[in-house]
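Let's start with one chain on its own, the form predicted alone, as structure tokens.
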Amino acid sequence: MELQLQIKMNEKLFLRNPERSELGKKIILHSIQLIHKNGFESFTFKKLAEDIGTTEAGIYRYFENKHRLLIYITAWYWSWLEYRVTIHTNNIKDPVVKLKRVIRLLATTVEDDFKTSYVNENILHQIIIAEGTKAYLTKHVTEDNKDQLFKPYKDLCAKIGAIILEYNPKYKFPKSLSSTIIEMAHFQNFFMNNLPSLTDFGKDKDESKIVVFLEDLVFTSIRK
């Protein structure tokens, strides 16, 4: 029997739950593919409808606009990643080992999860790297935050921050460091592949070196 991973999403992200219909699942699947292929700026519901073989009006029954859809898929990714962090750190007592596993999860290529048939996590990870900050770098971020649209990202940061405090309970900046390493993992990956002079990894394009860099950054900061 094939197991399916169910992630509970904030109901304010959508007008109709896309996970409860075949069209809704196609909207998620094809939107990820199109955003990855053409970029978020070029992405429209008209193009999405043509790609799926449905009507633009049908898509608007699920999402208010394309930005709300972007927040949906990024929030879904953060919830999925928090699940992955939990699985990979469960029953491990050594916070050093935990942090190294977290850093590797953040900084290396993601494999598609067979338990989520309508989401390709490998492609979604690449969208998070290139487009993820557009979910909250907006003029209406305060209103979106009041609706708790970014809670999955905050939950992930809190989980990583708690592991940092396991290593050093006196460290003063666990939340700041956790959000920094998440964003740094993505920025360094993006720079490595697109603006190589901004990194030390542009020549080799080796993700493992980003892991080493982040480990050095984290443990130098939190060392007791």
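The model shown is predicted, which means the values in this text are computed figures rather than measured ones. We number the residues from 1 along the sequence you see.
What follows is about the form predicted together with the DNA, which we do not show.
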Between the options 54, 199, 193, 180, which residue brings a heavy atom to within 4.5 Å of the DNA in the model of the complex?
54
The DNA isn't shown here, but in the model of the complex which of 209, 12, 25, 16 has a heavy atom within 4.5 Å of it?
16
Is the DNA close enough to 44, 61 and 64 in the model of the complex that each of the three has a heavy atom within 4.5 Å of it?
yes
Contact segment among 44-52, 169-177, 183-191, 156-164, judged by heavy atoms lying within 4.5 Å of the DNA in the model of the complex:
44-52
